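Below sits a lone chain in C-alpha coordinates, taken as the form predicted on its own.
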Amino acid sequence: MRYLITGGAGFIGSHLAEALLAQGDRVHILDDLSTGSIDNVRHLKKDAGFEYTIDTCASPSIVAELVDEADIVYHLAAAVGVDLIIDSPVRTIETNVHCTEVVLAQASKKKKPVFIASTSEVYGKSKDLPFREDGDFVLGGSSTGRWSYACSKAIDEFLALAYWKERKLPTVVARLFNTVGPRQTGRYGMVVPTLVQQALAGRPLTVYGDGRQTRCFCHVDDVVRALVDLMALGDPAYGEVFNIGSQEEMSILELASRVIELTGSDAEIHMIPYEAAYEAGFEDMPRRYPDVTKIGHALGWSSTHTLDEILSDVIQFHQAEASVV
(Lines give C-alpha, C1' and ligand atoms only; values in the text may rest on other atoms or scores of the structure.)
Protein backbone atom coordinates (compact mmCIF):
# COMPACT_ATOMS: atom_id res chain seq x y z
CA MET A 1 0.00 0.00 0.00
CA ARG A 2 1.04 3.59 -0.65
CA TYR A 3 0.26 6.22 1.98
CA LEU A 4 0.36 10.01 1.97
CA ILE A 5 0.69 11.64 5.40
CA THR A 6 0.23 15.40 5.60
CA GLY A 7 2.01 16.75 8.65
CA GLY A 8 4.15 13.64 8.48
CA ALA A 9 7.21 15.30 10.04
CA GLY A 10 5.22 16.11 13.15
CA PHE A 11 5.07 14.13 16.37
CA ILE A 12 2.21 11.74 15.54
CA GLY A 13 2.87 11.74 11.79
CA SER A 14 6.45 10.59 12.18
CA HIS A 15 5.41 7.68 14.40
CA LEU A 16 2.67 6.74 11.93
CA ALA A 17 5.14 6.79 9.04
CA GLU A 18 7.47 4.58 11.03
CA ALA A 19 4.71 2.03 11.73
CA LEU A 20 3.54 1.87 8.11
CA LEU A 21 7.08 1.43 6.80
CA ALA A 22 7.68 -1.32 9.36
CA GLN A 23 4.84 -3.34 7.85
CA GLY A 24 6.31 -3.01 4.35
CA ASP A 25 4.21 -0.15 3.00
CA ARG A 26 5.38 2.92 1.07
CA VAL A 27 5.03 6.32 2.72
CA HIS A 28 5.25 9.85 1.34
CA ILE A 29 5.03 12.69 3.85
CA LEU A 30 4.10 16.29 3.08
CA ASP A 31 5.10 18.88 5.68
CA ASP A 32 6.02 22.57 5.63
CA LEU A 33 8.00 22.14 8.88
CA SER A 34 6.11 24.99 10.55
CA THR A 35 5.58 22.84 13.64
CA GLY A 36 7.11 19.54 12.51
CA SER A 37 10.82 18.82 12.21
CA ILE A 38 12.95 16.94 9.73
CA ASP A 39 14.74 15.47 12.75
CA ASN A 40 11.59 13.45 13.47
CA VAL A 41 11.93 11.53 10.20
CA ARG A 42 15.66 11.69 9.55
CA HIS A 43 16.05 8.04 10.59
CA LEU A 44 13.45 7.02 7.97
CA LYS A 45 15.39 8.37 5.00
CA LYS A 46 17.37 5.15 4.66
CA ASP A 47 14.14 3.20 3.99
CA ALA A 48 13.57 2.70 0.26
CA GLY A 49 9.82 3.03 0.79
CA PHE A 50 10.06 6.53 2.30
CA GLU A 51 9.75 9.82 0.43
CA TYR A 52 9.07 13.35 1.56
CA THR A 53 8.09 16.75 0.20
CA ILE A 54 8.76 19.96 2.11
CA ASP A 55 5.83 22.17 1.15
CA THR A 56 2.36 23.15 2.26
CA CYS A 57 -0.79 21.10 1.88
CA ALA A 58 -2.57 24.39 1.17
CA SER A 59 -1.31 24.00 -2.42
CA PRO A 60 -3.88 22.15 -4.57
CA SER A 61 -1.36 21.25 -7.26
CA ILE A 62 1.10 19.65 -4.85
CA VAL A 63 -1.62 17.79 -2.95
CA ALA A 64 -3.20 16.60 -6.22
CA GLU A 65 0.11 15.13 -7.42
CA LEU A 66 0.77 13.31 -4.14
CA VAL A 67 -2.82 12.07 -3.79
CA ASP A 68 -2.54 10.55 -7.26
CA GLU A 69 0.37 8.42 -6.06
CA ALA A 70 -1.31 7.27 -2.82
CA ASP A 71 -3.85 4.59 -1.99
CA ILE A 72 -4.80 6.13 1.37
CA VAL A 73 -4.37 9.66 2.77
CA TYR A 74 -3.80 10.56 6.42
CA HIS A 75 -4.46 14.26 6.98
CA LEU A 76 -2.65 15.20 10.18
CA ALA A 77 -1.37 18.65 9.22
CA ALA A 78 -2.81 21.26 11.59
CA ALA A 79 -2.01 24.19 13.83
CA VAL A 80 -1.56 22.64 17.27
CA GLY A 81 -0.90 23.67 20.87
CA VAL A 82 -2.63 26.20 23.12
CA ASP A 83 0.23 28.70 22.83
CA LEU A 84 0.07 28.75 19.04
CA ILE A 85 -3.73 28.98 19.06
CA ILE A 86 -3.68 32.01 21.37
CA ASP A 87 -0.79 33.76 19.63
CA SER A 88 -1.79 33.04 16.01
CA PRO A 89 -5.57 32.64 15.68
CA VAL A 90 -5.62 33.57 11.97
CA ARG A 91 -2.98 30.96 11.18
CA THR A 92 -4.87 28.40 13.27
CA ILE A 93 -8.16 28.85 11.47
CA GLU A 94 -6.67 29.16 7.97
CA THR A 95 -4.38 26.15 8.38
CA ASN A 96 -6.97 23.85 9.87
CA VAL A 97 -9.87 24.70 7.58
CA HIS A 98 -8.24 25.53 4.25
CA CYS A 99 -5.77 22.64 4.25
CA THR A 100 -8.56 20.19 5.01
CA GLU A 101 -10.63 21.66 2.16
CA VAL A 102 -7.73 21.14 -0.25
CA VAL A 103 -7.00 17.58 0.85
CA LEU A 104 -10.64 16.49 0.68
CA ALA A 105 -11.23 18.17 -2.69
CA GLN A 106 -8.20 16.53 -4.30
CA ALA A 107 -8.84 13.13 -2.73
CA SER A 108 -12.45 13.29 -3.89
CA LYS A 109 -11.41 13.50 -7.54
CA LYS A 110 -9.81 10.05 -7.29
CA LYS A 111 -11.96 8.64 -4.45
CA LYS A 112 -8.93 8.02 -2.26
CA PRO A 113 -9.87 7.19 1.38
CA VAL A 114 -8.96 9.99 3.79
CA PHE A 115 -8.34 9.93 7.53
CA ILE A 116 -9.02 13.26 9.26
CA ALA A 117 -7.38 13.91 12.63
CA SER A 118 -9.68 15.81 14.96
CA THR A 119 -9.44 16.54 18.66
CA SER A 120 -11.13 16.18 22.03
CA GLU A 121 -11.22 19.99 22.04
CA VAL A 122 -14.41 19.87 19.95
CA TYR A 123 -16.39 18.77 23.03
CA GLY A 124 -15.57 22.15 24.57
CA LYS A 125 -17.23 22.86 27.90
CA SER A 126 -19.65 19.94 27.74
CA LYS A 127 -20.33 18.34 31.12
CA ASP A 128 -21.82 15.19 29.57
CA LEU A 129 -19.05 12.78 30.54
CA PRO A 130 -17.59 10.52 29.35
CA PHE A 131 -17.52 12.24 25.97
CA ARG A 132 -19.35 10.19 23.34
CA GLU A 133 -18.97 10.62 19.61
CA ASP A 134 -22.66 11.51 19.27
CA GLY A 135 -22.56 14.00 22.15
CA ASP A 136 -23.12 17.74 21.83
CA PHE A 137 -20.37 20.33 21.40
CA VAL A 138 -20.47 23.17 23.96
CA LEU A 139 -18.09 25.92 22.87
CA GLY A 140 -17.46 29.36 24.31
CA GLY A 141 -18.15 32.63 22.54
CA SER A 142 -16.25 33.81 19.47
CA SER A 143 -14.71 36.63 21.51
CA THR A 144 -12.69 34.00 23.40
CA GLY A 145 -9.90 33.01 21.00
CA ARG A 146 -9.32 29.78 22.92
CA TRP A 147 -12.24 28.18 21.05
CA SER A 148 -11.08 29.01 17.51
CA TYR A 149 -9.11 25.75 17.36
CA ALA A 150 -12.06 23.62 18.48
CA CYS A 151 -14.36 25.37 16.04
CA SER A 152 -11.94 24.95 13.13
CA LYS A 153 -11.54 21.23 13.83
CA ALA A 154 -15.31 20.83 14.12
CA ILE A 155 -15.61 22.36 10.66
CA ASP A 156 -13.03 19.83 9.44
CA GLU A 157 -15.27 17.06 10.76
CA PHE A 158 -18.37 18.49 9.10
CA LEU A 159 -16.47 18.78 5.80
CA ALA A 160 -15.21 15.21 5.96
CA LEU A 161 -18.65 13.80 6.73
CA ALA A 162 -20.24 15.99 4.04
CA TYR A 163 -17.81 14.64 1.43
CA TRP A 164 -18.79 11.11 2.48
CA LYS A 165 -22.53 11.77 2.37
CA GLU A 166 -22.69 13.89 -0.77
CA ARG A 167 -19.74 12.73 -2.86
CA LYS A 168 -19.13 9.23 -1.49
CA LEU A 169 -15.53 10.01 -0.58
CA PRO A 170 -14.46 7.41 2.00
CA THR A 171 -13.58 9.44 5.11
CA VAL A 172 -12.80 8.50 8.71
CA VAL A 173 -12.61 11.02 11.57
CA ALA A 174 -10.87 10.40 14.89
CA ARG A 175 -10.88 12.68 17.93
CA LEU A 176 -7.55 12.35 19.71
CA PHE A 177 -7.32 12.81 23.47
CA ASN A 178 -3.92 14.14 24.59
CA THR A 179 -1.52 11.95 22.64
CA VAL A 180 1.91 11.82 24.31
CA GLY A 181 5.27 10.16 23.70
CA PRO A 182 8.84 10.51 22.41
CA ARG A 183 9.48 13.30 19.87
CA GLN A 184 6.65 15.49 21.14
CA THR A 185 7.81 19.04 21.73
CA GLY A 186 6.75 21.38 24.51
CA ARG A 187 7.31 24.35 22.22
CA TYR A 188 3.62 25.12 21.77
CA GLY A 189 2.39 24.40 25.28
CA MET A 190 2.13 20.60 25.27
CA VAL A 191 1.96 19.85 28.96
CA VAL A 192 3.85 16.55 29.40
CA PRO A 193 7.07 17.41 27.51
CA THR A 194 7.01 20.87 29.06
CA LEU A 195 6.83 19.52 32.62
CA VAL A 196 9.43 16.83 31.91
CA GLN A 197 11.91 19.31 30.44
CA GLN A 198 11.38 21.69 33.35
CA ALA A 199 11.94 18.90 35.89
CA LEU A 200 15.08 17.61 34.17
CA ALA A 201 16.51 21.13 34.05
CA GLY A 202 15.67 21.76 37.71
CA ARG A 203 13.35 24.62 36.80
CA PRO A 204 9.97 25.23 38.46
CA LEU A 205 7.16 23.18 36.92
CA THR A 206 4.43 25.51 35.68
CA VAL A 207 0.83 24.52 36.36
CA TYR A 208 -1.91 26.84 35.12
CA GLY A 209 -5.10 27.71 36.93
CA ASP A 210 -5.76 25.70 40.09
CA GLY A 211 -4.30 22.51 38.59
CA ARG A 212 -7.48 20.54 39.17
CA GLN A 213 -8.28 20.25 35.46
CA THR A 214 -7.95 16.61 34.44
CA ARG A 215 -6.72 14.90 31.29
CA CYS A 216 -6.29 11.35 29.98
CA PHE A 217 -2.90 10.81 28.31
CA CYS A 218 -2.54 8.17 25.59
CA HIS A 219 0.77 6.80 24.31
CA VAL A 220 1.49 7.63 20.68
CA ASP A 221 2.10 3.93 19.92
CA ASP A 222 -1.46 3.11 21.00
CA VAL A 223 -2.83 5.97 18.92
CA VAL A 224 -0.87 4.94 15.83
CA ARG A 225 -2.11 1.37 16.20
CA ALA A 226 -5.68 2.69 16.14
CA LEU A 227 -5.00 4.91 13.11
CA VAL A 228 -3.51 2.05 11.12
CA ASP A 229 -6.29 -0.37 12.03
CA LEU A 230 -9.10 2.10 11.34
CA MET A 231 -8.03 2.66 7.75
CA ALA A 232 -7.41 -1.05 7.28
CA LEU A 233 -11.00 -1.69 8.44
CA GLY A 234 -12.37 -0.10 5.29
CA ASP A 235 -16.12 0.22 4.68
CA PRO A 236 -17.35 -0.14 8.30
CA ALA A 237 -15.22 2.86 9.31
CA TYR A 238 -16.18 5.20 6.47
CA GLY A 239 -18.38 8.13 7.45
CA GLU A 240 -17.77 7.45 11.14
CA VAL A 241 -16.22 9.39 14.03
CA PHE A 242 -14.14 7.65 16.71
CA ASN A 243 -12.70 8.74 20.04
CA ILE A 244 -9.10 7.59 20.62
CA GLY A 245 -7.70 8.00 24.11
CA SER A 246 -6.81 6.54 27.45
CA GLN A 247 -9.25 6.36 30.34
CA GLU A 248 -6.63 6.85 33.05
CA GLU A 249 -7.54 10.30 34.32
CA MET A 250 -5.22 12.60 36.28
CA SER A 251 -5.21 16.25 37.31
CA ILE A 252 -2.43 18.47 35.98
CA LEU A 253 -1.26 19.18 39.53
CA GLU A 254 -0.99 15.45 40.20
CA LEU A 255 0.79 15.05 36.87
CA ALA A 256 3.42 17.62 37.83
CA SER A 257 4.02 15.86 41.14
CA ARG A 258 4.38 12.53 39.36
CA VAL A 259 6.89 13.97 36.90
CA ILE A 260 8.97 15.30 39.80
CA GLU A 261 8.90 11.88 41.46
CA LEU A 262 9.85 9.92 38.32
CA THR A 263 12.66 12.29 37.34
CA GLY A 264 14.03 12.51 40.88
CA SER A 265 13.93 16.28 40.58
CA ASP A 266 13.84 18.65 43.54
CA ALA A 267 12.08 21.32 41.47
CA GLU A 268 9.07 23.15 42.85
CA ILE A 269 5.63 23.57 41.32
CA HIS A 270 4.60 27.12 40.43
CA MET A 271 0.90 27.85 40.06
CA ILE A 272 0.21 30.46 37.37
CA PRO A 273 -3.20 32.08 36.79
CA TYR A 274 -4.61 31.56 33.31
CA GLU A 275 -4.75 35.32 32.71
CA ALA A 276 -1.00 35.60 33.34
CA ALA A 277 -0.18 32.65 31.07
CA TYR A 278 -2.52 33.37 28.16
CA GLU A 279 -5.04 36.18 27.93
CA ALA A 280 -7.83 37.78 29.92
CA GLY A 281 -10.97 35.65 29.87
CA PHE A 282 -9.12 32.45 28.91
CA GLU A 283 -11.30 29.37 29.37
CA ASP A 284 -10.16 25.77 29.80
CA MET A 285 -11.86 22.39 29.71
CA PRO A 286 -12.16 21.11 33.30
CA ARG A 287 -12.14 17.47 32.20
CA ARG A 288 -11.46 15.46 29.04
CA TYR A 289 -12.60 11.91 29.50
CA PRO A 290 -13.42 9.78 26.44
CA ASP A 291 -15.92 7.01 25.92
CA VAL A 292 -13.96 4.54 23.77
CA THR A 293 -16.72 1.93 23.46
CA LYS A 294 -17.17 2.58 19.74
CA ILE A 295 -13.56 2.00 18.69
CA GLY A 296 -13.39 -0.92 21.11
CA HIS A 297 -16.28 -2.61 19.31
CA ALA A 298 -14.91 -1.76 15.86
CA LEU A 299 -11.31 -2.84 16.42
CA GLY A 300 -11.03 -4.44 19.82
CA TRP A 301 -8.83 -1.44 20.60
CA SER A 302 -7.92 -0.01 23.99
CA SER A 303 -4.91 1.86 25.31
CA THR A 304 -2.22 -0.44 26.72
CA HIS A 305 0.30 1.96 28.28
CA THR A 306 -0.09 3.24 31.84
CA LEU A 307 0.63 6.88 32.57
CA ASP A 308 3.83 5.95 34.40
CA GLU A 309 5.01 4.03 31.33
CA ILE A 310 4.21 7.02 29.12
CA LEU A 311 6.04 9.43 31.41
CA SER A 312 9.04 7.10 31.60
CA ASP A 313 9.27 6.99 27.80
CA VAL A 314 9.09 10.78 27.57
CA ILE A 315 11.67 11.23 30.33
CA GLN A 316 14.08 8.79 28.68
CA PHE A 317 13.67 10.55 25.33
CA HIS A 318 14.46 13.99 26.75
CA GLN A 319 17.36 12.64 28.81
CA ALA A 320 18.81 11.15 25.63
CA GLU A 321 18.27 14.43 23.77
CA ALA A 322 20.04 16.36 26.52
CA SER A 323 23.02 13.98 26.47
CA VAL A 324 23.44 14.47 22.71
CA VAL A 325 23.46 18.26 23.11
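The first residue of the sequence shown is number 1, and the count goes up from there. Computed from a predicted model, the values in this text were never measured in an experiment.
Absent from the display: the form predicted in complex with a small molecule. The rest refers to it.
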Interface check vs the small molecule in the model of the complex: of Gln213, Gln247, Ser88, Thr144, the one with a heavy atom inside 4.5 Å is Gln213
Among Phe242, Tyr208, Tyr163, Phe115, just one has a heavy atom within 4.5 Å of the small molecule in the model of the complex, namely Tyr208
With a cut-off of 4.5 Å between heavy atoms, is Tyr278 one of the residues that contacts the small molecule in the model of the complex?
yes
Would you classify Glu121 as touching the small molecule in the model of the complex, given a 4.5 Å non-hydrogen atom cut-off?
yes
In the model of the complex, is there a heavy atom of the small molecule that lies within 4.5 Å of any heavy atom of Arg288, even though the partner is absent here?
yes
Would you check, heavy atoms only and a 4.5 Å threshold, whether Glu261 touches the small molecule in the model of the complex?
no
Heavy atoms, 4.5 Å, the small molecule in the model of the complex: which of 233-241, 190-198, 104-112, 122-130 makes the cut? Say which one.
190-198
